[in-house]
Ligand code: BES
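There is one chain below, alone, in structure tokens, taken in the form predicted on its own.
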Amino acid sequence: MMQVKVVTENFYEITSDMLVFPVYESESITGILAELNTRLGNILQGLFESGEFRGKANETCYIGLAAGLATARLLLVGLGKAEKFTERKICEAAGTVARFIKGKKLGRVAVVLRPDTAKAARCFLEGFIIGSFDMDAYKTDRREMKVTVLELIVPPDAVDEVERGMFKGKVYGEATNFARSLSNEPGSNLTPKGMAMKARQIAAKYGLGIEVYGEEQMAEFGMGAILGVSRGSDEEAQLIVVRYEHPEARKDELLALIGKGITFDSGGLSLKTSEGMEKMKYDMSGAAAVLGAICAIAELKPSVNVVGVLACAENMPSGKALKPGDVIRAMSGRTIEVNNTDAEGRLVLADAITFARQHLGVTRIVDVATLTGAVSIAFGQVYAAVLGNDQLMIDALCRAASEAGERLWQLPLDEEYGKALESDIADCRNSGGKPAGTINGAFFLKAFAADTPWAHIDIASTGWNMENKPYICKGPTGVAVRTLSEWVLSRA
């Protein structure tokens, strides 16, 4: 377990195994930077002038024998241009530092915190913890993070403010990595019942309420949509409800965070291509994000009541599987023509949303899902899409995402989009085809939200990094954990 401390010593007197010094791009060598340059014998100025190091975002420069400092090792890390600076840059720089030092025998690392604010401290810890994660869970020789003490160097008058930000950063970083660890698990290991077991462990750890419903109980509720998806699998579907309650919360508000939990998605009889199918273990990343957010909420203890609802199933082809053209009846009573068995996420969410409204009595709903490949065509791996029936709620989610260092962009949900979902045989069909695929997926869900304020976040494009970045490894990202947590905190 890594210990995090705030220290007020001069940076050049710190006797850590490594000193980390963030630098803005082409920064003037004045103030604390001038002090560093002098103690390094003008090396910093030489690096700037030669172009070997300019302080570009996530650029690093390692100096192994840093004469003039109490520590022998110095790592410079770039923050990018000062005029374009946001706290997101601190998060990325911290992740870059973590990835640089992971595996090295460095037990004690000190960091000059720039700027010395609560939010900078939060973002640095978030980024450092997130950067420490690798998807090598099943490798025999894993790269372990050996840092046991992380020290943030700040002026004495900044200690109280920085300490306020540290706890939140640690909570957010660990909750995000927890969600990533779930998304990284092979589908054969993390089945719907495996997700239920994880949720029970979280509930026991934080003293939360939990209910787990199996297929027999779902049948009693009339959940034909989630049961239809699960029909082709040998693994039983699970509907998991985790409850966070605060004694001072408003009694007339109950927030629902609902996550798509398809623990493996083959596409069903509308079978996916083999290329990349191994990544379909991450199709439960919406449920993972919700469970991660519940962890963060339980740690931060906002005065608001929240339920996390995880709709978990496998989507597999078999003799029992849904066939294209089948008609199923959802819990709401709405009949659905299944014209694409690979549009299964919206089916499990449909029943989960209805259950949250009718059985739990929630007053606001946010669902999170790796719902459509179409969102990656629209946004690449930069933004997640948000859509819904309540503009104030969407605006609040976008603000929460910005505060959390994540990015949402709203797409329209005009009535004209519903025409693509019209069916000749049932109340609707589950897929409107490729055009406006992300919008049509959300429009399908809108009917089940009815008049409850609701927003849908499609993370299919941002839930998985396709390649390593300086500050985060390829693989699961844990996106939306911090956004959901920030939104809940804003409701308190």
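Treat the numbers as computed from the prediction; the structure is a model and nothing was measured. The first residue of the shown sequence is 1; numbering continues from there.
Another form exists, predicted together with this ligand; not displayed. Remarks below refer to it.
- Using a 4.5 Å cutoff between non-hydrogen atoms, residue 373 counts as a contact of this ligand in the predicted bound form.
- Heavy atoms of residue 236 never reach within 4.5 Å of this ligand in the predicted bound form, leaving it off the interface.
- Using a 4.5 angstroms limit between non-hydrogen atoms, residue 355 is distant from this ligand in the predicted bound form.
- This ligand is not shown here, and in the predicted bound form it never comes within 4.5 Å of any heavy atom of residue 151.
- Across the proposed site, 134, 182 and 185 without exception lack any heavy atom within 4.5 Å of this ligand in the predicted bound form.
- Interface residue among 340, 71, 381, 410, judged by heavy atoms within 4.5 Å of this ligand in the predicted bound form: 340.
- Of the residues 269, 118, 249, 280, just one reaches this ligand in the predicted bound form with a heavy atom at 4.5 Å or closer; this is 280.
- In summary, the region of this chain contacting this ligand in the predicted bound form, judged by heavy atoms within 4.5 Å and restricted to 191-199, 321-329, 281-289, 164-172, corresponds to 281-289.
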